[in-house]
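Below, in structure tokens: the form predicted on its own, a single chain.
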Amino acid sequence: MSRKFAPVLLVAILLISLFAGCKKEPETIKIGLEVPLTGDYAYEGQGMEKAVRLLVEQVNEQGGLLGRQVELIVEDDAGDPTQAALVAQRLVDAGVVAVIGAYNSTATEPASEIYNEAGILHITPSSTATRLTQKGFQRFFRVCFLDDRQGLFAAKFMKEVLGAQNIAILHDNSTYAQGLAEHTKRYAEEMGLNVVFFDAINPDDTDFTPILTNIASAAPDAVYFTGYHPQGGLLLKQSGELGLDLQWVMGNACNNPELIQIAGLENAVGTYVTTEPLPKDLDYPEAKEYVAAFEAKYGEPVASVWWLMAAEAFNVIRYAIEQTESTDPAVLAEFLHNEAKDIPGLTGPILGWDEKGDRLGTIHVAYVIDENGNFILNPEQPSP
């Protein structure tokens, strides 16, 4: 070979090696997680992040999805509707193909408008307000169960198990709480119960003495509070301080250990909670395996059903991507609507979704807080 061509050949070899070394890696699959990491619901949001992050790490260790790593993009909406809208836009701008969230219905509702407009797959793990799936959004789904079903369960529990005839219902005017209260009232009256008190608190208040006094004056056999655990804890605490003899029943947003911390154990004992089953009481092999992995990684139990529901939402997204071999939100949504069924879920078998995006099948149970501050499955449950 002529010496004058040798330098040219050497440069060519170096350039080929350089470009070979700079081969572009596949882009990540971006999945958004919108949760309250700060504010009143931070306990739930922080646990939900840990629950999802565990699965993302497991998936990536196994090679990712479709040969691509999964990138979890987490945004804090603080449970606030205004923040939720801003968070939703940031996730859209980040290029996510799907979003898990939000925790509370009041935050989920404005965010869902933005995700729908952007054509993104949106799955809420915990927003149970019935009206969320009545907007015709074809890419909005939930893995939790509807408030109208919980309202039916609560009314039956108070009548059949507690033997209540006169009941009080208290909410906080939020999307979730008001909807659950109204459904419960409707079913209770259909069953022949007397709703002797129906009103709302302002969740920004800290002194509920006046409304507690009014409830006591109505002499209900049971009081059903449909709001969130920070206010539920205060209601229990102040009810005890006033010496009121009220039988409290609370909805699934009070299924939270912080309820007892706020109330004080002596005021929380004997309170009932209507909710989806807690992770510790799920007998499915998938649930047991996940709970064990969570405890091994974080050194704590999966304390909230909503943490597990967030993990469930990620698994649904993963399942849809694997089955369709696509990250196109339209393809994923069509699959969930029309083909996905009988999925072995963490929270029980997922039978599928209806045309509105609501999960088929409903599982609600009642817990009672015992003298040790534990949520224990109540020995007696209402008829199916």
Partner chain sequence: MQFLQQLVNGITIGAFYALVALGYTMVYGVLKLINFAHGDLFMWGAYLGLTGLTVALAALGYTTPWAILPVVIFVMTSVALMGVLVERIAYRPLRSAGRLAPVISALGVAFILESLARNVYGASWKTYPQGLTPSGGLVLAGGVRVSLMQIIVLVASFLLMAGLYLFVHRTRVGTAMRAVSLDHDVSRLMGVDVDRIIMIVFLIGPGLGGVAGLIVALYYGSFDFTLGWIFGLKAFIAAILGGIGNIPGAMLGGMLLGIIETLGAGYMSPQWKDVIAYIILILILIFRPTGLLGERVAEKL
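Residue numbers count along the first chain shown, from 1. In this text the structure is predicted, and so the values were computed from the model without any measurement.
There is another form of this protein, the form predicted together with the partner chain, and it is not shown here; the text below is about that form.
**Student:** Look at the stretches 107 to 115, 149 to 157, 180 to 188, 223 to 231 and give the one with heavy atoms within 4.5 Å of the partner chain in the model of the complex.
**Tutor:** In the other structure, the partner sits against 223 to 231.
**Student:** Could you check which residue among T209, T82, Q134, N194 gets a heavy atom within 4.5 Å of the partner chain in the model of the complex?
**Tutor:** Looking at the other structure, the residue within range turns out to be T209.
**Student:** Though the partner chain is not shown, can you say which of E300, D93, E289, D199 has a heavy atom within 4.5 Å of it in the model of the complex?
**Tutor:** By the 4.5 Å criterion, the partner-contacting residue is D199.
**Student:** With the cut-off set at 4.5 Å between non-hydrogen atoms, does L242 touch the partner chain in the model of the complex?
**Tutor:** Answer yes; at least one heavy atom of L242 falls within 4.5 Å of the partner chain in the model of the complex.
**Student:** Given that the partner chain is not shown alongside this chain, does I262 nevertheless sit within 4.5 Å of it in the model of the complex, heavy atom to heavy atom?
**Tutor:** Judged by the heavy-atom cut-off of 4.5 Å, I262 is in contact with the partner chain in the model of the complex.
**Student:** Flag G39 as yes or no: does it have a non-hydrogen atom within 4.5 angstroms of any non-hydrogen atom of the partner chain in the model of the complex?
**Tutor:** So G39 counts as contacting the partner chain.
**Student:** T213: heavy atom within 4.5 Å of the partner chain in the model of the complex?
**Tutor:** The answer is yes: T213 has a heavy atom within 4.5 Å of the partner chain.
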